[in-house]
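Two forms, one chain: they're shown below as structure tokens, one block per form, named structure 1 and structure 2.
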Structure 1
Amino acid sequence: MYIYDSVQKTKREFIPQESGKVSLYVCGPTVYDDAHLGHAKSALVFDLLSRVLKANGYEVVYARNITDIDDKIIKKAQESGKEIKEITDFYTNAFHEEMGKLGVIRPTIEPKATESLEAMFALIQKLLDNKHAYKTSQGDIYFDTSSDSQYLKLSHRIQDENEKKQRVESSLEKKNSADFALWKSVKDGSISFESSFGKGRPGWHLECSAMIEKHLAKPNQKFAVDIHGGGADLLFPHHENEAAQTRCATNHALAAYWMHNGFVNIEGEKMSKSIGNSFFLKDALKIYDGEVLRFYLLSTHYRSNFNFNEEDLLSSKKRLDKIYRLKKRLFGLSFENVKTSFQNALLETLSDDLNISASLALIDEMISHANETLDTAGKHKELKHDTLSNLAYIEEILGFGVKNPYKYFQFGVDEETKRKIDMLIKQRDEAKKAKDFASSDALRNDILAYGVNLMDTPQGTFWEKI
């Protein structure tokens, strides 16, 4: 397996520290608002990575954090008059529900910042003891970037004077403009946590390093985790600061491989709440089936910036429809999973830094061949079994084609209408059994009036939206 390392800027063969086992850590959401398409893209990319690693026979421990301590969350609580936990629980549950609709498998571990305070305190103390951090007269604790000779080696950045000025925080007691907060002292009575350093709140960069040490790092390993991932915008300063904290507090580096997914743009403009074009996932899911969004957001290589627009999405949906139409042709047939040359080729392309373009081309070719062969005379029993096995493999490794093929084509019909159609189908079935063909035909017309097609199959009667 090969992975493009964002730090070394080259594709590298993936070799885990422990044979057959992989530790993967990905920066998760700050739960103060609804998830947007950028969150969805990152979650999907690392869901795919986890699936591909497992398909290669690795045992994967995948951790993705939940940031439930943050100034933005506190501001939201103050503005809304709600308790912090009420806000964070609401948006955490919404995030899980929406990711579930995209087919994202929950990580092995999903630690919350509020559950990791002791680990953060221990990391701060180590940095103080090692002289890599200092406490100000106001009680704030900063990481001393000048004490770390490798600082900025992760992002390969050179800070100019203007950037240094922009990054100066409110405290005048910082030794260097690039120093970042590990602990923010709180004296105004606002939300804070008790610690040996006094009342305060942890810095944002701190939590990931602490969680990794708590849940994933093992003694005597060179790296705390095999793979660390997140959006490209996190490389600096977040991942740079994480890496600095970890190497200065422990006897290991943070990650052996760094992976970053590209930005999501709306009609060519980078998604950003500050410019008002943040496309919330909950709104997209009202219009498009979750699997359609999954297919579309994964259809471009993960490192590329993604230009979200409706025309491309609809074209992408037609490609996914082909998987479901083939699945529908074979619906109801039993089969035993077999390993095919197609499956080997698909895993090989995905193992090449998640080469999705080559993978989708293989799927298109497999579908075309299967349909052409099924159109010819003969039962093609072996082809049907191989094709069903291939479709099951696509479902497992890519998360495409997971639904009942008839129900997939019902998206856009509200639940009340679905119930009415299903009731009419049941009445029609009863009329057919009673050989009341006049009633059966009338009920069929009533069903078709909803703008759907009816399909009578050996497995029963199904319908889909036209």
Structure 2
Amino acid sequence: MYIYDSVQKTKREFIPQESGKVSLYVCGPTVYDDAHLGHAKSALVFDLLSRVLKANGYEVVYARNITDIDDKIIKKAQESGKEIKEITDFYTNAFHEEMGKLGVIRPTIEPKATESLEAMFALIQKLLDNKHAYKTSQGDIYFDTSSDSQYLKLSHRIQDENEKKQRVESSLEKKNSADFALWKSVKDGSISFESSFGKGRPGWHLECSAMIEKHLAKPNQKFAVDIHGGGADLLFPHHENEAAQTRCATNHALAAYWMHNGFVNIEGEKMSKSIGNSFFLKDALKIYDGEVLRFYLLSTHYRSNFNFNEEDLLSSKKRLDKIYRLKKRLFGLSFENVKTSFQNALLETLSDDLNISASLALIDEMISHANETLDTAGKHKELKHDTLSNLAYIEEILGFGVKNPYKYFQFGVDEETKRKIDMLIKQRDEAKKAKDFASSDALRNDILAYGVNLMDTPQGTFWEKI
């Protein structure tokens, strides 16, 4: 398996620290608002990674955190008069429900910040003890970036001297402009936690380092985790700071491989909370089947920026439709699961830094070949076993084609409309039997008015929502 390491900026062969086992940590959501398409992209990319690692025979421990301590959550609580937990539980549940619709498998562990406070305190104490952190007169604790010779090596940055001065002047208690808070002291009555450093709240960057130490790091290993992932925007400052904390507080580096997924733009514009053009996943799921979104969001290489627009989504949906049509052709047949060269080839392309485009090309070719053979030699038994095994493999490794193929094509059609369509199809069948093609074509047009396509097959007439 090969992975592009965004810190070394090169594709590297993946070799885990412990043979056969992989630890993967991905920065998860801060649960103060609905998930948008960017959260979906990140979750999907690392879901795919975890599946591909498993398909390669690795035992994967995948941790994705839930940030449930954050100033924005507190602000929302104060504005709405709700309890913190009420808000974080609500958005955590919504996140899980929506990701479930995308076919994202739950990670092995989903640690919460509120459950990891002791681990954070321990890290802060270590950093204070070994002089990598300092306390201000206000009771805040900062990481001293000048104490870490490796700082900025991760994100390949150069400290701007002018900027450095300006920032330090504006915040006199910070030793260096880049110093970041490990602990924010809370003086007023707002939400805070008790610690040996007084009342306060932990800094955001600390959370991931602490959770990794608590759940994934093993003694005497060079790296706390094998792979650390997240959105491209997290490389700096978030990951830089995480890495600094971990290497200064412990005897290991944070991650052996770093993976960053590209951004999702909407109609060419950056999706941003400040611009207010976020496309929420819950809204997208009202319009499109979750699996259509999964397929579309995964259809481009994970490192590229992704421009979300309806036209591309629909053309990508047609590709997924082909998987389902083939599935429909072989629906209900039992089969022996066999290993095919297609499956080996698919795993190989996916194992090359998740080369999804090459993988989809293989799938399209497999489908064409299967359809062609079914057209000409419909009772080819071996082909059916192979094809059904291939489809099952695609389901397992990519999560495409997991639904009932008939239900898939009925997305967004209510029960009453379905009954009407079925009734019209019956009438049309009768007209067809009577060779009354004028009536049958008229009925087909009536059905088309529901946005539904008909297809006559030897097994009967089926319909698909367009």
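Between two forms, the rigid core is defined as the largest C-alpha subset superposing within 1.5 Å. These figures come from a predicted structure and were not determined experimentally. Counting starts at 1 with the first residue of structure 1 and goes up one by one along its sequence.
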- Just one of these is the form predicted alone; is it 1 or 2? 1
- Treating the chain as two rigid parts, state the angle between the two structures by which the smaller one turns with respect to the larger, in whole degrees. 43
- Quick one: CA shift at E415 between the two structures, core fit, Å? 5.6
